[in-house]
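In structure tokens, one chain follows: the form predicted on its own.
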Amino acid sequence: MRVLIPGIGGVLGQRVARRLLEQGHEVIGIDRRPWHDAPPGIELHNVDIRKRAAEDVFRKKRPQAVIHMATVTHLVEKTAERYKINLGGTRAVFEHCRDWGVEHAIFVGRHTYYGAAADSPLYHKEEDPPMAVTTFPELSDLVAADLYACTALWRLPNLCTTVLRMVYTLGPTGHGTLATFLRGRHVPMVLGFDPLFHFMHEEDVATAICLALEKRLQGVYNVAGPQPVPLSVVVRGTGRSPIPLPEIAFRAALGRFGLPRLPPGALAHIKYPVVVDSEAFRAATGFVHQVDEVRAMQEYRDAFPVRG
């Protein structure tokens, strides 16, 4: 199968591309970022997914499937730029899929779509509303991209559309929001709160995405690996030290004293859990994670040891 991956230059995009190549697929990538050590057999196009050059790739290569991974997950970009990349890029991908005969489109989203709040259900199902818009405004662009991808399910009946809401990733590459939060020697927590964190190993993420392609899923699916664990367990399991702080002190200390920088909306995610029910995905694909939570934490700890 001819598979196009917008966002192939990212850590997860590269893992998915390598896996698909091993499975015998023809892999084409679009990304503004270079991939200098890409394996032979992967065709790369160093273009912006929102530009005409990206549409030319669709027109000339006529991919049968598209795995859209070209969204910005970190929060250092300015809000306006994130909206252009996440929502504008997602719209461009699905328009090109419609115009150039793509058969299957997979949008790789995040479980933070559901938001974190004191009255949220413990396990979110796919039909739950996107509370992240109100609890974490800085994620509104990712929520908008997810919702736009979902509209393809009824707007584009000839396109098989899959929306995956993946939990956090954790592993030896240090990729992702959770891995970045854990990077320092000390990890802040809000005094009196120890929320469950749901994450899976990077290799299991690649496996899940490839299974969604293989099984040609249609619809929205939560994707998770091992059981969620309390934040304090994650911190200690990765070799860090938790620092419980009163909420006022927590807000004042962020970005100072070697602690991570977080936007204001992230506070709810340090106080309350965002955990998903992934039974529908497992039933549809037969997915079984290969790396448990203990090994994922150990691999991160070994790759990013605390010095001094």
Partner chain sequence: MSLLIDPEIAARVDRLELPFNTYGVDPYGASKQHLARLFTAFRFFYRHYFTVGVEGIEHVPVRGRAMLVGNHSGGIAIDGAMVITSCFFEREPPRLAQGMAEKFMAQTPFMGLFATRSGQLTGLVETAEHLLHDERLLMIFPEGARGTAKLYPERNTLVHFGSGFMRLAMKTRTPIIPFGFVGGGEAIPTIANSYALGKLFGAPYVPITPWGVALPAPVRLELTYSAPMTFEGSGTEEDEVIEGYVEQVKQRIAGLIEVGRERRRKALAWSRGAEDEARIEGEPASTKEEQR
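Numbering follows the first chain given and starts at 1. Remember, it's a predicted structure, so these values are computed and weren't measured experimentally.
Although it is not shown, the form predicted together with the partner chain is what the next lines describe.
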query	finding
Contact flag, residue 185 vs the partner chain in the predicted complex, heavy atom cut 4.5 Å	no
Contact label in the predicted complex: residue 83 to the partner chain, heavy atom within 4.5 Å	no
4.5 Å heavy atom contact, residue 227 to the partner chain in the predicted complex	yes
Residue contact check: residue 277 to the partner chain in the predicted complex, 4.5 Å heavy atom	yes
Proximity to the partner chain in the predicted complex (heavy atom, within 4.5 Å), stretch among 84-92, 175-183, 159-167, 193-201	193-201
Residue among 121, 219, 137, 101 with a heavy atom within 4.5 Å of the partner chain in the predicted complex	121
Interface residue in the predicted complex among 144, 233, 211, 72, criterion: non-hydrogen atom within 4.5 angstroms of the partner chain	233
